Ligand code: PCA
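One chain follows as structure tokens, the form predicted on its own.
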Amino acid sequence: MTRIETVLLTGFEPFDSDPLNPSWEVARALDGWQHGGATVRAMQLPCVFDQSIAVLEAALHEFQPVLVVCLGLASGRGEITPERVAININDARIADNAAQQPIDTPVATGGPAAYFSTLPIKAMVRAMRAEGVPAAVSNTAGTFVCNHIFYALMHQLARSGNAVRGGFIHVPALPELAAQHAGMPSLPLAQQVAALRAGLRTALDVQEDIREGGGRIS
């Protein structure tokens, strides 16, 4: 019997007073999408330090995925941004959904300072741009729950010793969310879904990332 391969795609629950979280809207829109024998399974994570890690680890155990991509909202960005690196620090400017606000604490005590994404992020950016969607490599996932789950994912995959690749992608606000926040950049859901579909396809097909400029001066 052929084993069905799974791509685990996570998004966060709504945060603060916002009625939705674009990262989850994109993830659930792709639930069940298939490519190359792999099927996407979407999982919603709580926007809560530590609890989000527990939910992610349970999903990793349940689905045994061949690829893991976590999504989060970057409300000030107008591009889809695959993240290059996760750092071992929690430094919350505001409280999470459980009123926790850790400051200068490690994500994993004794863990390395940082992990690089193992996704082909530059090839993914190229594929997303080919869909007509703004995209760019990002060199910071922040120090809130997005970086927290990104680091925890890479720490878990590194300790597992298997070849599963993973990483984190920030998505912009949706227009209906941006309408409640003056000056906030946004991208429609259909464009974000198309970009992520192209990105996941690339992550499954491309084993070695392309070499082209993707850095920033600041």
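Remember, it's a predicted structure, so these values are computed and weren't measured experimentally. A residue's number is simply how far along the shown sequence it sits, counting from 1.
Same protein, other form: the form predicted in complex with the named molecule, not shown, and the subject of what follows.
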query	finding
Stretch from 131-139, 70-78, 118-126, 98-106 whose residues place a heavy atom within 4.5 Å of the named molecule in the model of the complex	70-78
Exercise: N21 in contact with the named molecule in the model of the complex, heavy atom 4.5 Å	yes
Partner proximity in the model of the complex: A86 to the named molecule, non-hydrogen atom cutoff 4.5 Å	no
Contact test in the model of the complex: C47 vs the named molecule, heavy atoms, 4.5 Å	yes
Residues in 164-179 with any heavy atom within 4.5 Å of the named molecule in the model of the complex	H170
